[in-house]
Structures are given as structure tokens and as C-alpha cells.
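One chain follows as C-alpha cells, the form predicted alone.
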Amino acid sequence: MPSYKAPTRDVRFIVNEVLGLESHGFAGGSADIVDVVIEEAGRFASEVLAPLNAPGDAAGCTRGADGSVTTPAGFREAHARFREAGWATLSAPEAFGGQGLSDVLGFAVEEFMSSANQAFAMYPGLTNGAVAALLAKGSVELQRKYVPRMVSNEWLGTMNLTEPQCGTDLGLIRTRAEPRGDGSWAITGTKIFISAGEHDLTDNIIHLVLARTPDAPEGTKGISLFVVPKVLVDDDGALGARNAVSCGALEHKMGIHANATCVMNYDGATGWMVGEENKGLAAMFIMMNAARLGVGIQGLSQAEVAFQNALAYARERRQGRALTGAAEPAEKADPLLVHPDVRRMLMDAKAFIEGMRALYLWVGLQGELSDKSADETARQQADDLIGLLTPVIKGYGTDKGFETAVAMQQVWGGHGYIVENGMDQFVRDARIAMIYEGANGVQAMDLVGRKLALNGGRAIQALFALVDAECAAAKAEPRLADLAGRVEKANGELKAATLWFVQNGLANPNNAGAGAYPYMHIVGIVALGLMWLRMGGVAARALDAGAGDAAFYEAKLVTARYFGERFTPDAGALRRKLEAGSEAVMALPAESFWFG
């Protein structure tokens, strides 16, 4: 049976020592509060959610003849405990019943929950995005009626975008909204791939649905957003009649079996517009961007739980002898951990996981700075960096998360292919993160096609400057000088790739399209390099100060060195791929791809 223990020590290191959350003065940022929240959240995830992960995957959700959906055994009770413990309210605004604590803590808790049980974590995770959209665009009345009970998780939420004929191209949606004359709308259409569309965890589900009004223009300029509750809510807040929305089917999926992925039918269901007519896509993007960061965390979370189980196996499983001679002569064979290739896979995993964890937590901090900093320049830069790095965290993070899960399965050899050992579930669950909330190719195109040129390239220039400054400072520390030089070189590759796009992308947009994916990965390498410079610097200073837990800080320096030696060289190869352009990519006629 696979196991999971939340990496609370590493998260406390990043939040307290690397980010210095306490120094920013945000609610819940003191080291004492951080430590309590992180430890308790880790215990809940490890002890309550993780034991349900494998059984939930095996059982899946079931749909009754009446369209009702039942989650696996234990999920209702676990969600009740999650709600009662207040985990859903952690970072939500106090005005709506939340605790108002730092978003950084909310992100960390999200990682723990997703590692322990990704399918479970998706239920409250989607609700957070729906709340964000309602708070940004919903009327005071809609906020009053729905948000407090969504914050508490008494009700859960969804996002309904995709239809059978369209996914990323939302301009093709056909769901209709007809005005009823009383301020409400009749919503009719079918949505597919709706995570948590129907379930038995709560008495009500609040759907956010994209639809077209009668006179809407074609394309994305004619999309409006509506809140459509599963059960209508009376003016006094009491639940009323069942709305005309139902689950038509459950999707049969590769993974995340315990999350109900539904075909949703709207048959004249009553809904209310969120924000302005024909401005629904902007409102939904608020939810989508929150979800994309959450999916990036999912990629990391599956890498983490797979790594933990691979490491335990590598320590225990005996196979062959160390190349330099028997490591444990008294035993018939040495542990797998002595073999360099096994170590390579485990070190790849460790370098990615710890670097990506620091990156998503740092971006969480940028979110708070963009809202709360008294310095206008700091708010602008934080907002720029969030926009630039969101597709990178989602795209690069989930690519590497899946790659890591597969490598950790490889550590187990043939036993990794056996269901009872659990490694296959981590691989299957990690795979979806590369696809939903905008497939990773879409993330790359968002980065290159939209984010790169925004405000004259201000965001990418800010990243260049940030990395250059930190590399220059780190060179003064002998233990980081080599890493600093390697990250500086990778940043140079990123600058060259960016200039190549400026020179070649406008004249031939296919050049940008063909190079977007490697470009996203270069940004990912540079961003993780920045994080490893910072973590290495903190570790070096802690060792010099004689701080306790020396082995932890020494491991950080070794892993930082490994990242520099093994990850940063890829930036040059990726730049050369990008600069090959689009000619060979686009040259083959459609009929020449396969000749039979």
C-alpha cells in the first residue's frame, strides 16, 4: 500500500526562511502561525485523505438512474471533517466567513491535499476558483447569496466551459441563455468534462456556466457568464426546488476516478448573469487562472508522492552490488539507492520538486504583493510576474511532474507496473494535469503569444533583471558560484530565444508557434534556477550561523549544485530547437503524414 507524509519541513523552510513571509506583515504570516497551520494541514492530509486515495481510485464514482452521483466510501465523511476543521476557509476573505490568512499558506495546504488525494482535493479546489470569479465580477446580491456557503464548503462550485464541439476555442460554444424578464435567464445546452459536476458531498452545487444571449456577437466577444445552482436558493437563503440541471453521464477516465467528471445537461435551468453581458470570458479567466496555478501544484503534488514511495523502495529493495564494490558486504545485495542511475532519477525528482515548490509559493506571495503592497512599482512587478509565470507553472510544472512520476515508477522496476503498489495511480493522476485547464501547448502559446509582448515585454524584462541581479550576488558565495554561473548562462539562452522571437516571430507567426513549447521550458529552467539560488543562499547562511538541522541545509546545497549541473544545460539545447524555426514543422502536406 502506498504512503504519503506531507513535506512540512521543506514548506516551513521556504515560507519562513526563503520567502520571509513574516516580514511582509500579512495575516497569518508569523512563523508560529505558519508552523501550526502547516503541521496540522500535513497531518490531516496524511492521516485522513491519503488512506482514501487508492480505495477511491479503485471504486470510482457511481451514477444512479436518477442522475445522482455517489462518491467513494469515506469521501463524504472526509469532506465533512475538512469543512469542520476550517481548511476551506483558510485564505478566504473574512467578510465572507474566511480566516483571511496568507494565500501562501493556502497554496501549501493545497499541495498537501492534492498529494494525499488529488481527486478529493479537486472538489474544494474548484470552489475556490468559483469564489474568486464571483468576488471579482458578481453583484452584491449574488455574493451575499452564494459566497459565504461556498467559502465554508457547505456548498461546492464548478466551472462549465467545454462543450462537445469545443474546448480551448470557446468562441464556438452553443449553450444558450434566454432572458425571463425577471432578471433571471433560462440556460439550455450541454457541457462536458465538468469536474465535480454532480456528487453527494454537499446539498447544493453552484455552477458557473458560459452561454450566449440571443443577440450576442459571434466568437469570444459574445460569451456571458451565469451562476446556475443545482438547487434554487430562496431569498432567505433556504434551499428551494431542484433546478433543471442534471448529470447525463460520468466520463470513464484514465485517472482521478474518485472525482466525478460529468456530462452536464441544462434544460432551461434558471441562472443569473455574473458581471456584464458578453463579458463572461474575462470573468471566467479569473477562475481559469486560479485553476491553472492549482493544476501546476497538482503536477508537483503527484511528483512528490511518487518520489516518497520510490525513495522508500530504493532504500529497502536490494538488487546487485554498488559499482565500486559491495556497500553492505554482510548482505546478499545492496539497496537500489547505491546505483548511480537510480540516484539520477531520484535526484532529478528532488531537484524539480523542491525548486517547483519554492516557485509556486513565491508566485503565491506575488499574488499578495500585487494586492497589498504599499509600493505601486512592487505591485506592478508582482502582477507582471504572476501573469508571466502562471502558464509556466501549469505547463512546465505538469510536464515535469508527469515525467517525474513516470521516473519514480521506473525506480520500482517491474513492481511499479503492479497496481497494488500504487505507482500506476500517481502516473495516471499526473497525466490529466498536462491536459485540462488548457493543454500545455496552449499554455506555451499563451506565454509566447500573449504574455511575452504585454506592456512592451515588461514582465520578461523584469525576470531577466531579477535573475541577473541574483546571479551576480550569488557569485560572491563560493558554494553557489558555479550554480550562479550556470543559471546566468541559462538566462542568457532565454534572452537570446526572446530576441529570436522578436526578429522572426512577427514576420512568420508559425516560428513563434513552433518554438513556444521549448521556450516555456527554458523559462521554467531559469525560474527554478532563481529559486535554487535563493534556497542555496539561505542554506549557506544557516550553516555559517551554526543553525540546527545541518543535514537539511547541506542537502539543499548539494541539490542546488545538482540542479545547476543537470538541469541548466538543457536551456541551450531548447534554444537551438526553437531557433530551427517552423519550416520543417510545417512543410509536410497533410496527406503525407502516413502512407499506409
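Model, not experiment: these values are computed from the prediction. A residue's number is simply how far along the shown sequence it sits, counting from 1.
What comes next is about the form predicted in complex with another copy of the chain, which is not displayed.
**Student:** Considering another copy of the chain in the predicted bound form, find the one stretch among 358 to 366, 246 to 254, 88 to 96, 102 to 110 with heavy atoms no farther than 4.5 Å from it.
**Tutor:** Result of the contact check: 246 to 254.
**Student:** Pick from A27, A54, I33, V558: which has a non-hydrogen atom within 4.5 Å of another copy of the chain in the predicted bound form?
**Tutor:** Exactly one listed residue reaches within 4.5 Å, namely V558.
**Student:** Which residue, Y123, F226, F307, Y266, has a heavy atom that falls within 4.5 Å of another copy of the chain in the predicted bound form?
**Tutor:** In short, F307.
**Student:** Please check if E420 has a heavy atom lying within 4.5 Å of any heavy atom of another copy of the chain in the predicted bound form.
**Tutor:** Yes, contact at 4.5 Å.
**Student:** Report yes if any heavy atom of P329 sits within 4.5 Å of a heavy atom of another copy of the chain in the predicted bound form; otherwise report no.
**Tutor:** Close contact is absent here: in the predicted bound form, P329 is far from another copy of the chain, nothing within 4.5 Å, heavy atoms only.
**Student:** Whether D429 contacts another copy of the chain in the predicted bound form should be assessed with a 4.5 Å heavy atom distance threshold; does it?
**Tutor:** So D429 counts as contacting another copy of the chain.
**Student:** Going by a heavy atom distance of 4.5 Å, is M347 a contact of another copy of the chain in the predicted bound form?
**Tutor:** So M347 counts as contacting another copy of the chain.
**Student:** Within 4.5 Å of another copy of the chain in the predicted bound form, do we find a heavy atom from each of A333, Y562 and E591?
**Tutor:** Yes, because A333, Y562 and E591 each have a heavy atom that approaches another copy of the chain to within 4.5 Å in the predicted bound form.
**Student:** If we check another copy of the chain in the predicted bound form, which of the residues in 304 to 343 reach within 4.5 angstroms of it by a non-hydrogen atom?
**Tutor:** Residues within 4.5 Å: E304, F307, Q308, L311, R315, R317, R318, Q319, G320, L323, T324, K332, A333, L337, V338, P340, D341, R343.
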